[in-house]
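Taken one at a time, structure 1 and structure 2 that follow are two forms of one protein chain, written as C-alpha cells.
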Structure 1
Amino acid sequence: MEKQNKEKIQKDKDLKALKQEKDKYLAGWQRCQADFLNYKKAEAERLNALVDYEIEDWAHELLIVIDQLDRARQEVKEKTSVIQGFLQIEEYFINFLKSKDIKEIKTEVGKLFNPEIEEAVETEEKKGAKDGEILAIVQKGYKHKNKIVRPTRVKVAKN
C-alpha cells in the first residue's frame, strides 16, 4: 500500500513537472507567435512607407509637367483643338495624381500665410494689406495623404 502511495506521489510530481514544462513551451511559442505578428506588421508599415516615398518622388517630376501645362493654359488666348488636347492631357495627369491620393493644397489670395503648407518666395510692401497676407500664388502646392510633397509658393505682403 505504501508503495502504491509512493508511486502515486511520484506520478503526481511527474505530472506537475510535465505541466510546468508544457506551460513553459506554450508561453515561448505564444511569444514567438506575437513577435512574428509584430514583425509582419512592422514590415508592412515599412513597405507602405517605401511605396509612399516612391510615389512622392515621381510626383515631383510629374508636377513639373503639370506646372508647364498650367502656365501654357494661362498664356493661351484662343482655345484651338491642339490647345484643347493639351488641356485634356493636363486633366488626365491631375486625375492620375488624385487616384494616387496626391491633391492640390488649397491656398487663397487674401488669406494669411501658413508656413506649414506654404513657402514665401517673395515679399512686397502693399498698403491696405495685412502683414503676412498672401498677395499671389506663384506655384501650386501638393500633398500626398497628409504629407507635403511640395508647399504652395506664394507672394506675401510685408509692412
Structure 2
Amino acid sequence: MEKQNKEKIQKDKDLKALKQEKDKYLAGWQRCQADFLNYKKAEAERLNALVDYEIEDWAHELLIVIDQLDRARQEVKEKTSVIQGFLQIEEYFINFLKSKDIKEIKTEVGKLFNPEIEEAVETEEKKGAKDGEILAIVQKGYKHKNKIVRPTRVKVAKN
C-alpha cells in the first residue's frame, strides 16, 4: 500500500514536471510564433517605408523637370498652340505626381516664413513688409503624404 502511494506521489511529481516543461515549451513556441508575426508586420512596414523612400527619390528628379517647365512658362510672351501643348505636358506631370500622393505645398506670399515647410534662399529689405514675411516663391515645394519631399523655396523680407 505504502509502496503504491510512493509510486503515485512520484508519478504526480513527474506529471507536474512534465506539465511545467510542456507549458514552458508551449510558451516558447507561442512567443516564437508571435515574434515571427511581429517580424512580418515590421517587415511589411519597412517595405512600405522603402517604397515611400523610392517614390520620394524619383519624385525629386521629376520635380526638377516641372520646375523648368514652370520657369519656361513664366518666360512665355505669346502662347502659340505649340507652346500651349508644351505647357500641357507640365499639367500631365503634375497630375501624375498627384496620383502618387505628391502634392504641392500651399505657400502664400505675404504670410510669415515657416521653416517647417519652407526654405529661405534669399532675403531682401523691403519697406512696409513685416520681418520674416514671404516676398516671393522662388521654387514650389512638394510633400508626399505628410513628409516634405522638398520645401518651398522663398524670398523673405528682412527689415
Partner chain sequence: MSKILGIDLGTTNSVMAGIIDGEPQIIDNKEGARITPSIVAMNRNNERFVGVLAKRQQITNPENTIFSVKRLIGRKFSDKEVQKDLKLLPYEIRESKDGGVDVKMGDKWYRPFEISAMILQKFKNDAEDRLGEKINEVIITCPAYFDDSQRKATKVAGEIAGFKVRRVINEPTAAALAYGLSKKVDQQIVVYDFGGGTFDISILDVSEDTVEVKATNGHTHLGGDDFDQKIIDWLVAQFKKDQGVDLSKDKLALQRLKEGAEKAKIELSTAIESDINLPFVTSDSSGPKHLTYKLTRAQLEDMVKEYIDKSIDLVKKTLKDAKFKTSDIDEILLVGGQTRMPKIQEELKNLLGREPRKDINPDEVVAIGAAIQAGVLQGDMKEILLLDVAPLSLGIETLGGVNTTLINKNTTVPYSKKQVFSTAGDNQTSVQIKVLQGERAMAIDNKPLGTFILDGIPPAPRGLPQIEVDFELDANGILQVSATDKGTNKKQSIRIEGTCGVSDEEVERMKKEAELHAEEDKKKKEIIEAKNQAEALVFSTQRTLIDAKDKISEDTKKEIEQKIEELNKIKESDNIEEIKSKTQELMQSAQKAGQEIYQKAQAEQKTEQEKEAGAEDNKEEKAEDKKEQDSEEGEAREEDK
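By rigid core we mean the largest C-alpha set that fits within 1.5 Å across both forms. Residue positions are counted from 1 along structure 1's sequence. Given the structure is predicted, the values throughout are model-derived calculations rather than measurements. Residues that one form lacks are left out of the comparison.
Trainee: Looking at both forms of the chain, which one is the form predicted on its own?
Mentor: Of the two, structure 1 is the form predicted on its own.
Trainee: With both forms fitted on the core, give yes or no for whether the Cα of Arg31 moves by 2 angstroms or more between the two structures.
Mentor: Shift of 2 Å or more: yes.
Trainee: Treating the chain as two rigid parts, how far in degrees does the smaller one rotate relative to the larger between the two structures?
Mentor: Comparing the two forms, the smaller part rotates by 13 degrees relative to the larger.
Trainee: For residues shared by both forms, which stretches of 3 or more shift their Cα by 2 Å or more between the two structures, once the core is superposed?
Mentor: Moving region between the two structures: 1 to 37, nothing else.
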